[in-house]
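Shown here is one chain on its own, the form predicted alone, set out as structure tokens.
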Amino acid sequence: MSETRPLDLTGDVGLLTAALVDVESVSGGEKALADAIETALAPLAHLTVVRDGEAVVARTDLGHAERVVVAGHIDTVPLAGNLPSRVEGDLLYGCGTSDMKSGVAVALKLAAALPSPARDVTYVFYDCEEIEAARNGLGRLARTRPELLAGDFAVLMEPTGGEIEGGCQGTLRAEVAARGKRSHSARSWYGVNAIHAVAPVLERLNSYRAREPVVDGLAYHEGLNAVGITGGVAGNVIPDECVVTVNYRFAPDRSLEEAQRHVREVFDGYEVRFTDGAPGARPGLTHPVAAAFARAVGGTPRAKLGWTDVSLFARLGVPAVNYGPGDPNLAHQADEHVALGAIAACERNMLAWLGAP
């Protein structure tokens, strides 16, 4: 691997985004980028820099009454032939441009440009967001160094198209199992076909009416869907088990336990096994510092239809929102890209907020 060039935190934010993109950082392989970020931040006298694994935390300590957290993950999904980055017109193409190295670039620019922000700021650049939750770097910090994430308000710089997205949905996955009895398919009447027995499960999903609750002024849209089905033993065997895997995306007015109870009710009469789950987070827009952020950024806040790490901040008692320059619909695509003008606009808005009393 070629040597990583030093990051220039004083130049154009679009060029900085391109430099970040060109340092490959697929989940689990973030060391080179974490090293470059730490090296760029360490000389800044107004910041205290802490390294935790492949996460880098930088903090001001000016004694302000308020502290805000600005966070972004530095990992990406696996490459799809989309490195190195390239520019076409106003668009920067490359793996992680939208999700979320453009947001990371904005945060790094803020860290360098604001030696005396109007609020104390903690900048968090963390690893392993794109893979299983057990390896999530922000989750690791929440478990082992929660004091580093303390604050009155947090901005997670996930791609939102430059609009505030409040809170996030919760998510869970469950296996809904039907049991049968094996037999030879030539004498099927001696068995009970488990694949046939899941037909009512699919019918319940087809007829399911998802809730669209309004939570703290923002409209959420839930979803309960089959995302996989497994069953079958051999081409001449009546199967004795069939499992439908379902994913429930639920609004933050329900706890994870309430969401699990709801799924059990929907599939009453079937065996339900929960395999994964994470609670949502209510919109973090009621705190005065959040209101100041909304005024500086402008636009109309909307609900986050998906799960993000604002949920982790919510569990720490820190209200948080999602806000970043990328388009979330382009995340993980081979032609992932971000508008250079959108990155610059995000930087201006964040500077106006953090620099204003």
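For clarity, a rigid core is taken as the largest C-alpha set superposing within 1.5 Å between two forms. Note that residue numbering begins at 1 and tracks the sequence as displayed. On a predicted model such as this, the values are computed, not experimentally measured, just so you know.
The form predicted in complex with a further copy of the same chain is left out here; the points below concern that form.
I have Ala199, Leu224 and Ile229 flagged as a candidate spot, so tell me whether each of them has a non-hydrogen atom within 4.5 Å of a further copy of the same chain in the model of the complex. Checked in the model of the complex: all three residues contact a further copy of the same chain.
Ser188 versus a further copy of the same chain, in the model of the complex: is there a non-hydrogen atom within 4.5 Å? Although a further copy of the same chain is absent here, Ser188 would touch it in the model of the complex, with heavy atoms inside 4.5 Å.
Glu258: heavy atom within 4.5 Å of a further copy of the same chain in the model of the complex? Flag for Glu258 set to no.
Within a 4.5 Å heavy atom cut-off, is Leu141 in contact with a further copy of the same chain in the model of the complex? Outside the cut-off, so no.
Any of the heavy atoms of Asn82 lying within 4.5 Å of a further copy of the same chain in the model of the complex? Although a further copy of the same chain is absent here, Asn82 would stay clear of it in the model of the complex, with no heavy atoms inside 4.5 Å.
Scan Asn236, Ser116, Thr275, Thr286 and let me know which has any heavy atom within 4.5 Å of a further copy of the same chain in the model of the complex. None of the others qualify; the residue that does is Asn236.
By the heavy atom within 4.5 Å rule, which residue out of Ala251, Leu92, Ala107, Cys242 makes contact with a further copy of the same chain in the model of the complex? The residue in contact is Cys242.
Within 4.5 Å of a further copy of the same chain in the model of the complex, counting heavy atoms only, one of 153-161, 118-126, 277-285, 191-199 shows up; tell me which. Residues of 191-199 come within 4.5 Å of the partner.
Taking a further copy of the same chain as it sits in the model of the complex, which residues of 305-338 have a non-hydrogen atom within 4.5 Å of it? Please list them. Sequence-ordered list: Leu305, Gly306.
Once the core is superposed between this form and the one not shown, does Asn82 show a C-alpha displacement of at least 2 Å? After core superposition, the displacement of the Asn82 C-alpha between this form and the one not shown stays below 2 Å, so no.
Using a rigid core superposition, assess whether Leu148 undergoes a CA shift of 2 Å or more between this form and the one not shown. No, shifts by less than 2 Å.
Does Met157 move appreciably between this form and the one not shown, meaning a CA displacement of 2 Å or more on the superposed rigid core? After core superposition, the displacement of the Met157 C-alpha between this form and the one not shown stays below 2 Å, so no.
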